[in-house]
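Coming up is one lone chain in structure tokens, specifically the form predicted on its own.
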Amino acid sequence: MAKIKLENVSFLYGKGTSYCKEALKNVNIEIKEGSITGLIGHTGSGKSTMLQLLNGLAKPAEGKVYLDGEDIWEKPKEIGKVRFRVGLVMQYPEYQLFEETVEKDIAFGPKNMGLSESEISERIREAIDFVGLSPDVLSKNPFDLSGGQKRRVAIAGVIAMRPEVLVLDEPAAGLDPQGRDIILGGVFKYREKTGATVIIVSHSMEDMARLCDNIIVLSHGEVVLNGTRDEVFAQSQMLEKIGLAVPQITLLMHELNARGIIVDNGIYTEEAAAAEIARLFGGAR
């Protein structure tokens, strides 16, 4: 059974007005439990709208959203429970910090779940470990931290609720390479330890290639590609047609082939490229 399923889902902004816009059009997707799924598309393709539908922040104009086979809107008064199970980290979540200490900010979600103080404390320490923060930050004011640290605190606040599905909208946007690696590594570690399903939006094809099992491509509110990482990136011409691209390392492999140096075109990460080049030269480094 799919962990998340969207069935004939459409969403409208400004319904009933002259400014009505269809953000999603008859979307049908299934997201496998325990997988890491990338969601890519040009600006305005409907990515952020889709993320908000997954945990009930938005409600479809048509169609249904299922979590473990159950329509999340079947009992509207219980939609809050869905938001604990499907944790959403919005783009630039550091702007949503509001408590006077890091500890209180991370504890906000677990407290609203009605957990005991000992359970909340355990979850806080577990969450900061996932995002690569040390316990000494807990007593600090989050607004005194660096931008990257604030981002990690915000993500820790969602992770502390131990969501079954972790949804992230551009979690590494604007960060330096080290900050990007810490955050994405923490997300991967959370999935590995808990078995959670992860859905991640990123404009970085390199990040998608490194992290994702499956990729969904949106264009003008419609799903145009949906498959494994290899299946989607093999459609380089279609991706380019809608304003996207394959990872840079893949373009390098294509260029080598064009110059008569025969290498595997289906390579999307630097590690795989290094292994392929080493093979080409008989294992020499």
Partner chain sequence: MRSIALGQYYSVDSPIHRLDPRVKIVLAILYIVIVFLSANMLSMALILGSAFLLVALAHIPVKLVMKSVKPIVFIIAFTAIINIFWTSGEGDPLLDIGFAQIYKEGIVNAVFLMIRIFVLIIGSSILLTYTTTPISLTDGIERLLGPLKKIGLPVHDFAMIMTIALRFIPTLMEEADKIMSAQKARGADFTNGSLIQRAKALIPILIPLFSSSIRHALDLATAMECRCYRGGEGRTRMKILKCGTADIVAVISIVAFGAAVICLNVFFA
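Just so we're clear, the structure is a prediction, and the values are computed from it rather than from any experiment. Positions refer to the first chain, counted from 1.
Keep in mind the form predicted together with the partner chain is missing from the figure; the text below concerns it.
Just one of 206-214, 124-132, 102-110, 180-188 has heavy atoms within 4.5 Å of the partner chain in the predicted complex; which? Single hit among the candidates: 102-110.
Would you classify Ile242 as touching the partner chain in the predicted complex, given a 4.5 Å non-hydrogen atom cut-off? Ile242 lies outside the contact set for the partner chain.
Hey, in the predicted complex, does Gln96 get a heavy atom within 4.5 angstroms of the partner chain? Looking in the predicted complex, residue contacts with the partner chain include Gln96, since a heavy atom lies within 4.5 Å.
Contact test in the predicted complex: Leu166 vs the partner chain, heavy atoms, 4.5 Å: No, Leu166 is distant from the partner.
Please tell me whether any heavy atom belonging to Asn55 falls inside 4.5 Å of a heavy atom of the partner chain, as the geometry stands in the predicted complex. Although the partner chain is absent here, Asn55 would touch it in the predicted complex, with heavy atoms inside 4.5 Å.
Counting non-hydrogen atoms within 4.5 angstroms of the partner chain in the predicted complex, say which of Leu138, Ile120, Leu145, Met90 makes the cut. None of the others qualify; the residue that does is Met90.
Quick check on this chain: which one of Met161, Val201, Ala196, Ile72 has a heavy atom within 4.5 Å of the partner chain in the predicted complex? After the contact test, the surviving option is Met161.
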